[in-house]
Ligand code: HEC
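This document opens with one chain alone, in structure tokens, the form predicted on its own.
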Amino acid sequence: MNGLISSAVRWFRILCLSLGVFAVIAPAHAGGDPAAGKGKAAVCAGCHGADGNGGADLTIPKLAGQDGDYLAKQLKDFKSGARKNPIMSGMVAGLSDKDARDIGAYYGGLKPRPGAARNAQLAKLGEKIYRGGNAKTGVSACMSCHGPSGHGIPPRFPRLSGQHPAYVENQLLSFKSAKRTNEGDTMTRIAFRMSEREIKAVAEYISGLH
């Protein structure tokens, strides 16, 4: 029996080591080159800010600290038309898949700047929904996919922490009306069940989450 246990433990350690090595190696193959991405992203600074933390228009998202693979997917979706935005469609028209990965890697490596909720009452309602959902209407807790601190679960579920509330609100409304469908039907189903006040509250809470 002891021999079997020792053997099982040994193989378990080998498996863990193998997975650990893979975890270190995999991102190098999957991600892009942030140094190359910096030059390619120069034109993006006008809207997303020189440091990726946004500019004057708060309906345009912060990109700093966002998962690089998630950003690359969004760029590809804008290019293919899976995600629609007339400005972004034009901006990404000439990007290759490598360009998208490089730009994603660049922004993913920038330091995100924390935000702050401005309406305490609204943020309190938003916290309740973000952390517990709404059982009566079937709205799932946002943190089940985006994490308790809003850092997301890469690459599918993006970082939300500190994002501009106007941008988050607009995206949730787009999911609610099915104008944005490039993330499958999960967000469409959740947002559809949310009231506009709940959407505004969640967006306000997220802005100060970190």
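Quick caveat: nothing in here was measured; it's all calculated off a predicted structure. The first residue of the sequence shown is number 1, and the count goes up from there.
The form predicted in complex with this ligand is left out here; the points below concern that form.
Requested in this report: Answer with yes or no whether residue 122 is in contact with this ligand in the predicted complex, where contact means some heavy atom within 4.5 Å.
Outcome: Residue-level check for residue 122: no, no contact with this ligand.
Would residue 186 count as touching this ligand in the predicted complex under a 4.5 Å heavy atom rule?
Heavy-atom contact with this ligand at 4.5 Å: present for residue 186.
### Task
Would you please decide whether residue 105 lies within 4.5 angstroms of this ligand in the predicted complex, comparing each non-hydrogen atom pair?
Residue 105: no contact with this ligand in the predicted complex.
| message | residue 145 versus this ligand, in the predicted complex: is there a non-hydrogen atom within 4.5 Å? | response | The answer is yes: residue 145 has a heavy atom within 4.5 Å of this ligand.
Within 189-210, which residues come within 4.5 Å of this ligand in the predicted complex, counting heavy atoms only? Read in sequence order, the residues that approach this ligand (within 4.5 Å, in the predicted complex) are 190, 194, 202, 206.
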